[in-house]
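Only one chain is given next, in structure tokens, and it is the form predicted on its own.
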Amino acid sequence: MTLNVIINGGGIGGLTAALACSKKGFSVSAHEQADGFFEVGAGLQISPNASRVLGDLGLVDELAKRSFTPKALEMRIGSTGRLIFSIPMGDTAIRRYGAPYYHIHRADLIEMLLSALEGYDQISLKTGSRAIGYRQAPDSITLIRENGDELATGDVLVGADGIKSVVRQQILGDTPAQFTRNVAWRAVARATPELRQLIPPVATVWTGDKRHAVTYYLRGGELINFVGVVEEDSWTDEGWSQPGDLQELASHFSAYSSPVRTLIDSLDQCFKWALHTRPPFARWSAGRATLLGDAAHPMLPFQAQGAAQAIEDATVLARMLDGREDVSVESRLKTYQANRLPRASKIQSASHANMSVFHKGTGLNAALTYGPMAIAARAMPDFVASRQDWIYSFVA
């Protein structure tokens, strides 16, 4: 059955869904409210559960070329740099999970997906296309703009329009967010020779007192991604493109060891956003409309699974839509929801639970939390690695 699929949102989830649906032979009309695709955002971690999907979509070589492959996932005490544990990645990830673990700049992933979409005549991708909702008919669904005119009419609408989704608003009504009293900072630094000596070629969580930092390389080692999370309640803006103050950022991490301080000192700009949480939603679909990615399951960053889960959503959605002709679109979307919602909700909850793990400081709380982790990593390294198996080994 040939479907006309409308996608509202041109981020990672929306573009991956467009590619996956096009490979099924569907016609796709994708709409992005921004006027273009610019180099915004920062680094992403593409774990094996997501790199496997991108590989199946024909992006193996491009993904490897544009990414950085970390040697390990590590946790260290921020103030001293002392290692708590290290989980091997690189070739070990391929052997263990059947796919690689990558770091990639968001702009590079977007560019890669856009290039892949150019090979499909049945895709229409419009920028500057701002929707405010949709209206349904018995045999179709229409995405509408503010004046009520239609942007597109098709068989199914996918809301891939992020944390402030207009499609979700119509499906679920208000979904209030709760401020976590954590503020995140992000930046990208050039990997100078000095920084290469200080920042290991791994994904590192640097723990601290009511704060933590994350560092990892991008673009084959040309760039270093930095994320800092600080417990505070003076900033509540959920948007992730607000400029931050470099001196304020440096003050938050002044007690950290040289690698983190030197990295922050090298920055020429940074951004900050307040971290909000929403509980898992009970449903994602209504009639011919459904949700994907952050619109369906907005996640805190403490499992590094936001992009990965959107990518999983995209391939499962395309497969579920590619069903028997005697099965209605509404039923196919219910099957997609039943397939994806439990796993995405579990990862949402795990991300929330991880929020305070990295903020135990250096005293008794730290010893009680990180001491057993370090002992387990030395005595049972495979057990420590296996705690991520349910995420990374998953085949969407």
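In this text, residue numbers run from 1 along the sequence as written. Note that the coordinates shown come from a computational prediction; the quantities given were computed from them, not determined experimentally.
The same protein has a further form, the form predicted in complex with a small molecule, not shown here; the description that follows concerns it.
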Could you confirm whether Val329 comes within 4.5 Å of the small molecule in the predicted complex, counting heavy atoms only?
-> no
Using heavy atoms and a 4.5 Å limit, would one call Glu312 a contact residue for the small molecule in the predicted complex?
-> no
The small molecule contact at Trp206 in the predicted complex, heavy atom, 4.5 Å | no
Arg130 near the small molecule in the predicted complex, any heavy atom under 4.5 Å?
-> yes
Contact test, all of Lys24, Asp155 and Gly323, partner the small molecule in the predicted complex, heavy atom 4.5 Å | no
Using a 4.5 Å heavy atom cut-off, which stretch among 242-250, 117-125, 303-311, 88-96 contacts the small molecule in the predicted complex?
-> 303-311
Just give me the single entry in Gly162, Pro200, Pro259, Pro100 that has a non-hydrogen atom within 4.5 angstroms of the small molecule in the predicted complex.
-> Gly162
Of Leu83, Leu275, Ala286, Ala72, the only residue with a heavy atom within 4.5 Å of the small molecule in the predicted complex is Leu275
